[in-house]
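First, one chain by itself: the form predicted on its own, in structure tokens.
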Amino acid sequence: MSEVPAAVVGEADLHAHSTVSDGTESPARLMEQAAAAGLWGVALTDHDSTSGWAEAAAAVPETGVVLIPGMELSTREGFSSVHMLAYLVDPLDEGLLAETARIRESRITRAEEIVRRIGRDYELSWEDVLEQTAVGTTIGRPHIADALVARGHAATRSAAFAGILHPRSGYAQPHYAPDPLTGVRLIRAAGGVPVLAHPGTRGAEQLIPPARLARLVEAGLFGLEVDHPENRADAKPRLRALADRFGLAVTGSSDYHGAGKPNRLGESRTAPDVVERLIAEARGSAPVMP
């Protein structure tokens, strides 16, 4: 069980990535950036991996920033990717370990196939992609984007996603991921606290249906990531209304990726009382305090 800190005296950014997944900064550098941003706490939420926790934790005493260990778990609803933030899980939980290993393996297989398809029309190899990763990285489309930039086929990672890696280009394909309901159950079984990540990126008309959200809440969903730079403005009021209706917490996060996205660390934050509630509900692991 997690212990609530004596006082959560500041705001936290509850969604940030490192080189363990598709961020461009190491876990330790991320903690330094969190200190520079004036954050009380930051959650390291790499895709389908907890491998960066130890390095980030080692940087806590020097930076003075509280680390909230987390993960961004991939789930899928039909053809739509749905990300579930998993806070303070037990990193050794067998069910979660097995599922994330399956997801990461599928990500690699999917990435290799995408590169093979792109390679028919552009000069690009799997070795180009590997050059954009570090040891233990969860390989994904952002690394293909970086390889396309390095090869001169796109100006930036964002441009690669808007062009060659856009679904309309015909190169992309999905990877394996459990459905969101299974994801929530896996996170709770591992002692963690689940929050639906950036659910308003497609706008108000594409929000999760209330009946489906009700099932996630029944399974243990804790909150909605409402204050996120990529949630559309028209979606945020409806998300807050859904949070009120179902008794869900509202979180704020930047989804920081270093140079991999324009998002700025700390540009969206979570209030101290919500952070306290989140920590109090966790059973899998604890925040790392200075």
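One rule holds for the numbers: they count along the sequence shown, beginning at 1. Source: prediction; values computed, not measured.
Although it is not shown, the form predicted together with a small molecule is what the next lines describe.
The closest heavy atom approach of Phe161 to the small molecule in the predicted complex falls within 4.5 Å. Residue contact with the small molecule in the predicted complex: Arg110 places a heavy atom within 4.5 Å of it.
Within 4.5 Å of any heavy atom of the small molecule in the predicted complex lies no heavy atom of Arg238. The small molecule in the predicted complex is approached by Gly260, whose closest heavy atom lies within 4.5 angstroms of it.
Partner contacts here mean any heavy atom within 4.5 Å of the small molecule in the predicted complex, and among 188-196, 140-148, 205-213, 84-92 they occur only in 140-148.
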